[in-house]
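Below you'll find only one chain, the form predicted alone, shown as structure tokens.
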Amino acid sequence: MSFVRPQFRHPHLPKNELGYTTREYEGSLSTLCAGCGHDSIGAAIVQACFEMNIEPHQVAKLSGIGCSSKTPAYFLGNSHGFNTVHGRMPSVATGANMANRDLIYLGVSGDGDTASIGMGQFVHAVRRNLNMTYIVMNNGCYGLTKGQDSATADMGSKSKAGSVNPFEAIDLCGLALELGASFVAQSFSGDKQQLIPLIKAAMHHHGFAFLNVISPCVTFNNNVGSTKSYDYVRQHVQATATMDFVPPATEITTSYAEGADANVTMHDGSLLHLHKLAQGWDPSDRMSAIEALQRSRMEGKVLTGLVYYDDKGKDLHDVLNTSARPLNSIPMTELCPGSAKLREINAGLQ
């Protein structure tokens, strides 16, 4: 169940270049637990879309099943939306993307929806380099079914009930890197300063942009001993860099010390500024990114920030050489040219 937000807003809310306030990017009132990290991610999506001057109706938001997959109801209420069955969001996103390449596709999933029942769907969306932003709200547990460990729960992490997880965790960022994802990032729901620029960069990326966000479950996985709790992540976070996202129309006036920053140029000319780079890490080197992730895991740290970026890959439309026009804009005369043309095509295949 969702609840409608009050219509009243402060009359002097700031407006973006489209004349919209953040109200136009909000959704229904959240019914998630108070303090849930998922709500912070939703708020970051609202702020990112507001600052990027995105028309809400240009966004298609898709999700599966779980606490995380409820969140699209709480942001971008004026956008397109499809809540699929458990673990099947990537295939629905693929079909929609193939039919209409002009929309901005935002997939929202959870660690169960992606790393368990939806694993097969996830890996194929990655390897096909589907042009979409895929956000996993990762809390390491199944919040809708009383907090059992999910496939991303770290070995040795302790649940609220006191049991210790004996299994290795699935590293979704590492998996995305192995499968050839062209944009891989990791963040923390409690760090909006980092999260908002990452969401902006992911939505500007041409290809599959994967963002794994550690999002503590305040009801079932925020206890002492949990490696997905607020306290643990804040104490063990290791950021690759602090960052700013700069749209292509914005003049860049800030300067930084030599050797202390890197600029990642997006496909549309916008920039992602990275500052204070982690030692030995290069966001354009896949092996460097994999090594940085593995080193952090061995040290019990949570690596956050832009992990890997590649601007030279082809998305699924490029690979399949699909029509540049959305299918709903192609008239029937072109889709079905008539029996004479079909006989000509068939004759050419004999």
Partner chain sequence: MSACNDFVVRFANVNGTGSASANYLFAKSIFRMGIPVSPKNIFPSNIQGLPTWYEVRVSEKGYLGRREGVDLCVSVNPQSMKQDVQCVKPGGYFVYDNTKPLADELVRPDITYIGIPLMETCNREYTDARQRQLFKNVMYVGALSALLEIEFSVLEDLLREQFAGKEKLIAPNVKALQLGIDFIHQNVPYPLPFRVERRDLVGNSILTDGNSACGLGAVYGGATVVAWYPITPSTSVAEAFHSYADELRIDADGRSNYAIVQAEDELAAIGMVIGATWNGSRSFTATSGPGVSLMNEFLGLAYFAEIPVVLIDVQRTGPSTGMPTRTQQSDITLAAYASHGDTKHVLLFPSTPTECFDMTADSFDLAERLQTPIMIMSDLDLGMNDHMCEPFHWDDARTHDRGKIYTAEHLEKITRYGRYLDTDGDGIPYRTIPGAHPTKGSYVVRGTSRDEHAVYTEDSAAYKRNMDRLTKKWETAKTLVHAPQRYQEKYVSKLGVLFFGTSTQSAEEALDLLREKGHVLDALRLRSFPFHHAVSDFVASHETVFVIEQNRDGQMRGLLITELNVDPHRFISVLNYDGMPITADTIMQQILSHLPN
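Given the structure is predicted, the values throughout are model-derived calculations rather than measurements. Positions refer to the first chain, counted from 1. Here the rigid core means the biggest group of C-alpha atoms that line up within 1.5 Å when the two forms are laid on top of each other.
Absent from the display: the form predicted together with the partner chain. The rest refers to it.
Chemist: Could you spot which one of His206, Lys158, Lys192, His80 gets a heavy atom to within 4.5 Å of the partner chain in the model of the complex?
Modeler: The option sitting close enough to the partner is His80.
Chemist: Here the chain is shown alone; which of Cys49, Ile41, Leu62, Leu306 has a heavy atom within 4.5 Å of the partner chain in the model of the complex?
Modeler: That would be Leu62.
Chemist: Any chance all of Leu13, Ser30 and Arg234 sit within 4.5 Å of the partner chain in the model of the complex, going by non-hydrogen atoms?
Modeler: Result no, not one residue of the spot touches the partner chain.
Chemist: Should Pro248 be classed as touching the partner chain in the model of the complex when contacts are defined as heavy atoms within 4.5 Å?
Modeler: No - in the model of the complex, heavy atoms of Pro248 and the partner chain never come within 4.5 Å of each other.
Chemist: Ile170 near the partner chain in the model of the complex, any heavy atom under 4.5 Å?
Modeler: It does not: once the partner chain is placed as it appears in the model of the complex, Ile170 has no heavy atom within 4.5 Å of it.
Chemist: Indicate whether the partner chain has at least one heavy atom within 4.5 Å of a heavy atom of Gly338 in the model of the complex.
Modeler: Flag for Gly338 set to yes.
Chemist: Taking any heavy atom pair closer than or equal to 4.5 Å as contact, tell me whether Leu18 reaches the partner chain in the model of the complex.
Modeler: Heavy-atom contact with the partner chain at 4.5 Å: absent for Leu18.
Chemist: From the candidate stretches 306-314, 288-296, 33-41, 53-61, select the single one in contact with the partner chain in the model of the complex, where contact means a heavy atom within 4.5 Å.
Modeler: Only one stretch qualifies here: 53-61.
Chemist: Can you list, in sequence order, the residues from 322-343 that come within 4.5 Å of the partner chain in the model of the complex, counting heavy atoms only?
Modeler: Read in sequence order, the residues that approach the partner chain (within 4.5 Å, in the model of the complex) are Thr322, Ser323, Ala324, Arg325, Leu327, Asn328, Ile330, Met332, Glu334, Leu335, Cys336, Pro337, Gly338, Ser339, Lys341, Leu342.
Chemist: Does the distance between the two CA positions of Leu335 reach 2 Å or more between the shown form and the other one, the core being superposed?
Modeler: Where the cores coincide, Leu335 shows only a C-alpha shift between the shown form and the other one that is less than 2 Å.
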